[in-house]
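Only one chain comes next, encoded as structure tokens, the form predicted alone.
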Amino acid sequence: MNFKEYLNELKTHTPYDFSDYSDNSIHRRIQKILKDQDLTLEQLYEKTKVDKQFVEHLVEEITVNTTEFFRDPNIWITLFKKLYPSLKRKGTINIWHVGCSSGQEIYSNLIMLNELGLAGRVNVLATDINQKMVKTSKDGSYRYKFNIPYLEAFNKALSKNPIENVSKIDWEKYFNIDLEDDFMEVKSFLRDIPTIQKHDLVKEPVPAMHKFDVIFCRNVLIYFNTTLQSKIFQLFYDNLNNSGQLILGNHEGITGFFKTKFVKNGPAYTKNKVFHFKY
């Protein structure tokens, strides 16, 4: 049995389908699992068939969960200077965070929305295939010492390029901080805003009854092959409002047919040419 055969069997015996993930990425992760668990691929297959709890652990190991507060600070500032002002005319702003991981992106976005006076007008959906990450996102609890450098880096970038006269964020406004226990928790008024749930982007329908104004899908598509990427781009296109914005990661982009369906504007891709902002 090779790893592709194993993925096909995984698809058959579990709810999960990783068969269209990037070969290099999925192969590396399966090899690590085999080493960590001291299993052969055949033994992994047999365990997969009978142990549902192990399957969930397997999904946690396969999926990538690297994130941070205000990842790539200048991109966030650009988005909030150019993207969100165009949405102020809307009564309600619908946002979807795809592959939300442990939640720092969700709360980074909500902090800035609150600074711009828009937090009370947003519907936020955040989803991830990894149940452990969904729980972490809902809890909104993080290590202080690990995360504070990212918050400081954002404030440094913001001080050089203020947003609507906002040049520094008071983090105690948004976090309960315990220095002794190395603990920071997102305050409840922010945690209460998003709907955060488990969702398989590859196999399940979008868990929302409305279309979105903004979809964040940063550093997710790089783990998919081109066939699956096209499927997901179509999903995003169908679930964005006209002039809706798709935000991808630094090393991701839209290629092929879908280049005609989106207009690239800095870090954002605008659906169609009905409306787009310029930097």
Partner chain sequence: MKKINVKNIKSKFTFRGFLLGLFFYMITILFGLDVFGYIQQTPSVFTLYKIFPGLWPLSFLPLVTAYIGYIVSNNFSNIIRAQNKHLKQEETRSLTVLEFIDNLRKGNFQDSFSLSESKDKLSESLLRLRDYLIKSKEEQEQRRIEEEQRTWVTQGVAQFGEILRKNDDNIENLSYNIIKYLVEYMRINQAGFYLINRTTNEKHFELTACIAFDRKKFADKRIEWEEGLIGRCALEKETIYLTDIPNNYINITSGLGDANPKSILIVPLKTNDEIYGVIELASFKEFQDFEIEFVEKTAESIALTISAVQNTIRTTKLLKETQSQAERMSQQEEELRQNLEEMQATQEESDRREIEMKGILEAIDHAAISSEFETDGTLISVNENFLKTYQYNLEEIEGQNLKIFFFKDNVSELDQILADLQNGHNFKGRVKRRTKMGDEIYLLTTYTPVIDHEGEIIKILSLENDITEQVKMEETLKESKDELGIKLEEAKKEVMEQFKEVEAIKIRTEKTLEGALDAIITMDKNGKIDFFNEAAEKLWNYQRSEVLGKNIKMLFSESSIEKDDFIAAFVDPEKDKIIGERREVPIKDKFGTEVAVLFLLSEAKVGDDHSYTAFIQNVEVELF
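If you're wondering where the values come from, they're calculated on a predicted model, not measured in any experiment. Numbering follows the first chain given and starts at 1.
If you look for the form predicted together with its partner chain, you will not find it shown, but the lines that follow are about it.
Among the residues Arg121, Arg143, Lys135, Lys88, the one placing a heavy atom within 4.5 Å of its partner chain in the predicted bound form is Arg143.
In terms of contact with its partner chain in the predicted bound form, the residue from Thr78, Asn94, Asn155, Asn114 that brings a heavy atom within 4.5 Å is Thr78. Heavy atoms within 4.5 Å of its partner chain in the predicted bound form map, among the stretches 208 to 216, 222 to 230, 39 to 47, 236 to 244, onto 222 to 230 alone. A residue is said to contact a partner when one of its heavy atoms sits within 4.5 Å of a partner heavy atom; Gly266 meets this definition for its partner chain in the predicted bound form. Contact annotation for Thr66: at least one heavy atom lies within 4.5 Å of its partner chain in the predicted bound form.
Although the partner is absent here, Ser22 lies within 4.5 Å of its partner chain in the predicted bound form, judged by heavy atoms. Its partner chain is not shown here, but in the predicted bound form it comes within 4.5 Å of a heavy atom of Asn74. Applying a 4.5 Å heavy atom cutoff to its partner chain in the predicted bound form picks out no residue from 88 to 112.
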